[in-house]
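Take a look at this single chain, the form predicted on its own, given in structure tokens.
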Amino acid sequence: MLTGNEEDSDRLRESLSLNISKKQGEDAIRVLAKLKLLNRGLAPQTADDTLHVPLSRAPQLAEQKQLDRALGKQTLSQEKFPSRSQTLASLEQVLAQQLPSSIIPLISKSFDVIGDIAIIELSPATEPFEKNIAEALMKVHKNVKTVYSKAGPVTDSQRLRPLHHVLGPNRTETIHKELGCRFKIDISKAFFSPRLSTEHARVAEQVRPRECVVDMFAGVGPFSILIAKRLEDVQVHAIDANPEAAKLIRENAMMNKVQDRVKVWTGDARTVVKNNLLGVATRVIMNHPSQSREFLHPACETLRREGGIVHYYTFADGLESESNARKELSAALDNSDWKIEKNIETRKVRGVAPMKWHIAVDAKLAPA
């Protein structure tokens, strides 16, 4: 018997339900929403330690594989759910009550929520209405306490984005929950993207016991800490050139009780590998798509003598974006001592512009 909101039985509606531990509820809802599987008209319910989330339809095979990678153990069943209260309007409905109708289509529907901080994107036409937009967002998303807007592009060196405070307490630190881990994040001092949650899970799922993983651009540690959280018998070397990011990795490793499995290095990954990590890794993560090619040689040097797996990230555009990403990796290995033994998987991680994607290439490299 599901428990939750008190509703009359004639207001309950039957729906396919995804059932998962309450601890993973936040991640489950985020992934289901991204896959457009979440039934927003019905309210999730709890029974003991299980969260039942109503689905809009049955997952397709590829979608179920993504759910398995991101969430681990879950089940499907038919359940009855109460309808959500109709008093909580959508963001667009709230904005329609405050702003000129000509402005509504110009407002970006895409925003990031990191912990209790939202980051929105404003165009010149919508900047004068920033406080209205922030107020509406906080009204609809009750967990959001502070709103910032993007004030410029991400820098290449430390991957930081300038931000403009819009509404709420003027603070940049928060605690973000992802895939059963907790991360202390300072959005002004270190890189983190909540849009990469599925990718973090996908890579972590591939790591096996007794591996040694080098995370060359670790940020606040989402890849490194999730891998260490999943496996007790693993060694992870997390590198970041940003001292503030390295400091946060250490704090996050302790907060998630994996500090014995995560070694943190501060500095340029090329120098760190050369001085400390030659020939140690079974797997290398290179999530810095604008600069990965420049770091491919040290990535190979940190692999063990027999080779290993490289998770190579880049930006590519056009209809042949995935093929172009594979060709980039192959060309970058020309005239080196390494070759691609096997292309394991290539996938579009996320769109970054019209017809341009953040691409992941998983490849097994071996000595040439």
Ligand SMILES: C[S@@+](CC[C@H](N)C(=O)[O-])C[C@H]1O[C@@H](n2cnc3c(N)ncnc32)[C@H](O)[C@@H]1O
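Quick note: we count residues from 1 along the sequence shown, nothing fancier. The structure displayed is predicted, hence computed values, not measured ones.
Here the subject shifts to the form predicted in complex with the ligand, a form of this protein not shown in this document.
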| item | value |
| --- | --- |
| The ligand in the model of the complex reached by all of G267, N287 and F295, non-hydrogen atom within 4.5 Å | yes |
| Among the candidates Q74, T126, S149, N242, the residue which, in the model of the complex, approaches the ligand to within 4.5 Å (heavy atoms) | N242 |
| Proximity to the ligand in the model of the complex, single hit among I120, I107, L196, L167 (heavy atom within 4.5 Å) | L196 |
| Heavy atom contact within 4.5 Å of the ligand in the model of the complex, the stretch among 253 to 261, 213 to 221, 131 to 139, 107 to 115 | 213 to 221 |
| Heavy atom of Q97 within 4.5 Å of the ligand in the model of the complex | no |
| Exercise: Q158 in contact with the ligand in the model of the complex, heavy atom 4.5 Å | yes |
| Close approach of K184 to the ligand in the model of the complex, 4.5 Å, heavy atom | no |
| Close approach of R230 to the ligand in the model of the complex, 4.5 Å, heavy atom | no |
